[in-house]
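Next comes just one chain, in structure tokens: the form predicted alone.
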């Protein structure tokens, strides 16, 4: 069960001296929204007969998300240390997480469908590829007979499909798939005291996405353009706009 910490930025912010991150004083972190649904789905699937193990990639701050998942009822947690630069590349993150998957040998790997702060959706499929697992994305509900995973996927316009994949497998869980539970004060104290194992990643690939600098949004004053015409005309106009702003 892979989780991540989502950041909420205050209305005023400052960046670190190297410009590659937002100063921690101007952000608050919490367990990613879709990951809450994924943890709930994992707990419901095990229903007291199995173990839910959380894993997150990142620095010490990633442990906040892990402890939030432990408060919900997960049994164990481990962290794979990665630098902010490494976290910018989903392929590197997936390679690190795949080492935890290889160590734990789970029947099912769950992730949230996307990160609520960056909107990234590639880590789940990238992890499936790195761990050589069949996968299903945008899952609304899950069921398993111990050999096969049955997943209902949800798309735009009220369309859904039912798929089956052999276990072990990976699924990314949609926001709103269920109602995540809230732990008691006793659960929170247990999670606060829980030991979080650290798995040192080895042989990580060279990141292909490199975060060089962050800056405030300068989009103010821009106007919206409605592009008319057929597919070829629209594509040509979009290409022209992209070239104009480069």
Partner chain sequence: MTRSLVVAEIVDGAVSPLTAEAVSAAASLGGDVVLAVVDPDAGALAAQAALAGVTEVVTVTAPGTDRDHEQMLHAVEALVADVAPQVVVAGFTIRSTAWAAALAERLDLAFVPDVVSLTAAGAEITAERSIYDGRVRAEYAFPTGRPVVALVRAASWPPAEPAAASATRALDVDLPPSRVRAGELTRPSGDVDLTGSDVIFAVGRGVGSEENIAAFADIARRLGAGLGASRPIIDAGWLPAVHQVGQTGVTVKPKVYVALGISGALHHLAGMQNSKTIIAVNTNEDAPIFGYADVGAVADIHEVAEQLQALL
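Between two forms, the rigid core is defined as the largest C-alpha subset superposing within 1.5 Å. Keep in mind that this is a model prediction, so the values were computed, not measured. Residue numbers count along the first chain shown, from 1.
One more form of this protein should be noted, the form predicted in complex with its partner chain, which is absent from this view; the next part is about it.
Is the gap between residue 102 and its partner chain in the predicted bound form 4.5 Å or less for some heavy atom pair?
Flag for residue 102 set to no.
Do residue 232 and its partner chain share at least one heavy atom pair within 4.5 Å in the predicted bound form?
Contact with its partner chain, yes.
Using heavy atoms and a 4.5 Å limit, would one call residue 40 a contact residue for its partner chain in the predicted bound form?
The answer is no: residue 40 has no heavy atom within 4.5 Å of its partner chain.
If we define contact as a non-hydrogen atom of the residue within 4.5 angstroms of the partner, is residue 176 a contact of its partner chain in the predicted bound form?
It does: once its partner chain is placed as it appears in the predicted bound form, residue 176 has a heavy atom within 4.5 Å of it.
Can you pick the one in 72, 126, 78, 108 that has a heavy atom within 4.5 Å of its partner chain in the predicted bound form?
Only one listed residue qualifies here, and that residue is 126.
Which residues in 130 to 153 have a heavy atom within 4.5 Å of its partner chain in the predicted bound form?
130, 132, 133, 134, 135, 136, 137, 138, 140, 148, 152, 153 sit within 4.5 Å of the partner.
Following rigid core alignment, is the displacement of the residue 234 C-alpha between the shown form and the other one equal to or greater than 2 angstroms?
Result for residue 234: yes, a 2 Å-plus shift.
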